[in-house]
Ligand code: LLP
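Have a look below at one chain only, the form predicted on its own, in structure tokens format.
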């Protein structure tokens, strides 16, 4: 396939598109060496496309950056960003660990033959069944979030005659510039123990937690963060608790889990921090702080999700009806929307899109709104975006949809979820089948009476 010069009206080099993105001489968008038009012809739309090259590149960027600056570390893929057996398999093969938050994600990891010792189980309201399931299957670490869970952990571990390695999630009280719904480290949060309760936690473990091995502390301050300092502040607060725990309780902790949260580009004007600068500044700070407090360097854990998988994903839609409101917006309706990407209506998230069959268009751009097919006025994928003239049957590509799209999708309006394909080196493979109408009703029952 002949590829044209990449310098065209739509800039594919901004970090929004997958790194394998190209444009053919005929103006068609290519991902993973395959024309998106060919993908749509084979798999239909809506269609999630995941570029394996981008996911592997971002994973290795994390692994190599931390290895360069900090000897003892582990990168956990945050499963909630996009959980499926293929991505779990790739993560395990690349040497990543896994951050899970439910029994279902644990079950999926087991089906993917993930190394259970590298799985960390999070969640603010784990059930007893989930905790028992995790312990029975030898999940590496359980990150404890509250007092009820502490008691359940001890009871389940004692019942199963197991010793369980745990981390304690702390709420550091850090505000960062991100959406209100994805701030998790500030004081008014449902997650974690506030620092004022740390003595109660440590007293429980010392006096009652006979089957619990406290390995370290965890904090997660939010998502889509474009600043470096919040990560340093988090590390500082946690390490000060390491120091306190050592001095007051004689416990030398050896795992420092600073969560995830590094942002990615959704728009051209986004300017996220790089993985390398994050790794250097964060680890430099940790090493200096540990030296000051006379602490041994702990194993450093981080849990990226969006910044590993987000850029890898593109969602393809087919244009249907078009409506020009008199003296108002022009709506371009597509065959998907809020059920396959709930982030715009939930978080007011913004995206970049292109007409995948008109990437080289020199037409005058017009301002349009890409609307979804669902019965909600707010089902708008992108408001006021400039595109070349669009007509029914054109193909819309929305970029940076690898994270929190499929994982937050639904069957609203009884619409089946889209298929997902993995692409690399000119080959495509289905990794999630498109749902059918039968799938939608397979669990529904009508009482006999």
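Just so it is clear, the model here is predicted, and its values are computed rather than measured. Residue numbers count along the first chain shown, from 1.
The discussion below concerns the form predicted in complex with the named molecule, not included here.
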Exercise. Name the stretch: of 154-162, 320-328, 200-208, 340-348, exactly one has residues whose heavy atoms fall within 4.5 Å of the named molecule in the predicted bound form.
Key: 340-348
Exercise. Could you work out which of 171, 352, 223, 282 is the residue within 4.5 angstroms of the named molecule in the predicted bound form, going by heavy atoms?
Key: 223
Quiz item: Looking at 419, 390, 382, 408, which is the one with a non-hydrogen atom within 4.5 Å of the named molecule in the predicted bound form?
Solution: 408
Quiz item: Heavy atom to heavy atom, is residue 336 within 4.5 Å of the named molecule in the predicted bound form?
Solution: no
Quiz item: Might residue 358 be said to contact the named molecule in the predicted bound form, defining contact as any heavy atom within 4.5 Å?
Solution: no
Exercise. May I ask you to check whether residue 304 falls inside a 4.5 Å heavy atom distance of the named molecule in the predicted bound form?
Key: yes
Quiz item: So in the predicted bound form, does any heavy atom of residue 122 sit within 4.5 Å of the named molecule?
Solution: yes
Quiz item: Does any residue in 81-102 get within 4.5 Å of the named molecule in the predicted bound form, counting heavy atoms only, and if so which ones?
Solution: 99
